[in-house]
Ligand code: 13P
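For reference, the chain that follows is the form predicted on its own, supplied as structure tokens.
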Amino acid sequence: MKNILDAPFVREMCETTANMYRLGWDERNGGNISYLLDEKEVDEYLDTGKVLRSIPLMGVNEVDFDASPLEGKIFIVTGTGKYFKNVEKDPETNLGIVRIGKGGKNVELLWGYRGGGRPTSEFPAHMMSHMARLQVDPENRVVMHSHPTHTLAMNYVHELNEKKFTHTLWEMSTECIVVFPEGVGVLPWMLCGTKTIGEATAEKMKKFRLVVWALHGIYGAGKTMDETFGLIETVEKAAQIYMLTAHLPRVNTIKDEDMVKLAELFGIDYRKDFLDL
């Protein structure tokens, strides 16, 4: 059996968490990632019949939380209370590979969380988002939560309206309407780590791959780690440009009719109601 530390999905998690910490998106133990794995690929590195321990889910009442559509699915997930800066040097402590247990009521630990760790407290919210995105796109595999600095700063000075927030981001860089043509979903401030915010995020994920948690951070979803990271990275760059220019007179901007030309050139379906034509 191959060394689990050499597995591409472990390396991806290590590299991505290191990048997110380096960029200042995930201070301390802020942020979390879950990555739906291919069981055949996992079998090359682990005996999936060997369960190390069963772990109850945090932050939800198992009576009214139903993750049964994910039963038997295997994820690699960042650990609760773990710092992204430490993942690369000690993945076995800071990451875990888990299988969703019977009825989606718990998780079975297959590897990791050395020393008694457990999945991020946001994992139930991640599972809700995975279930929502898999209905839209069966190839969706990654859910990523982080606290990008400029995106968060923008929350304090910009109206938290999906159309207006998206439109501003689209105006900041030519690539934005191409990268996230469906726009960005926005939720008001809500208590994190609860079933309520998980359900609200999942509902937004039916329309968006990006959901802003007001005054907190952002959720992104995608087919690959690169795609999901790139979505958040593009929003963060646009938010940075906005924050650098918002207090200055606007001399130039990308016009809505030019955004239409971009969308037509790349053949993408975009939120036409988010433009003012």
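We number the residues from 1 along the sequence you see. Just so it is clear, the structure is predicted and the values come from calculations on it, not from any experiment.
What comes next is about the form predicted together with 1,3-dihydroxyacetonephosphate (13P), which does not appear here.
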4.5 angstroms heavy atom contact with 1,3-dihydroxyacetonephosphate (13P) in the model of the complex for Gly79
yes
Could you tell me if Cys192 has a non-hydrogen atom within 4.5 Å of 1,3-dihydroxyacetonephosphate (13P) in the model of the complex?
yes
Classify Asn32 as contacting or not contacting 1,3-dihydroxyacetonephosphate (13P) in the model of the complex by the rule of any non-hydrogen atom within 4.5 angstroms, answering yes or no.
yes
Tell me, yes or no, whether Thr120 is in contact with 1,3-dihydroxyacetonephosphate (13P) in the model of the complex, where a contact means a heavy atom of each within 4.5 Å.
yes
When 1,3-dihydroxyacetonephosphate (13P) is placed as it is in the model of the complex, which of 24 to 32, 44 to 52, 220 to 228, 236 to 244 ends up with heavy atoms within 4.5 Å of it?
24 to 32
Which of these residues, Arg114, Lys73, His158, His147, gets a heavy atom within 4.5 Å of 1,3-dihydroxyacetonephosphate (13P) in the model of the complex?
His147
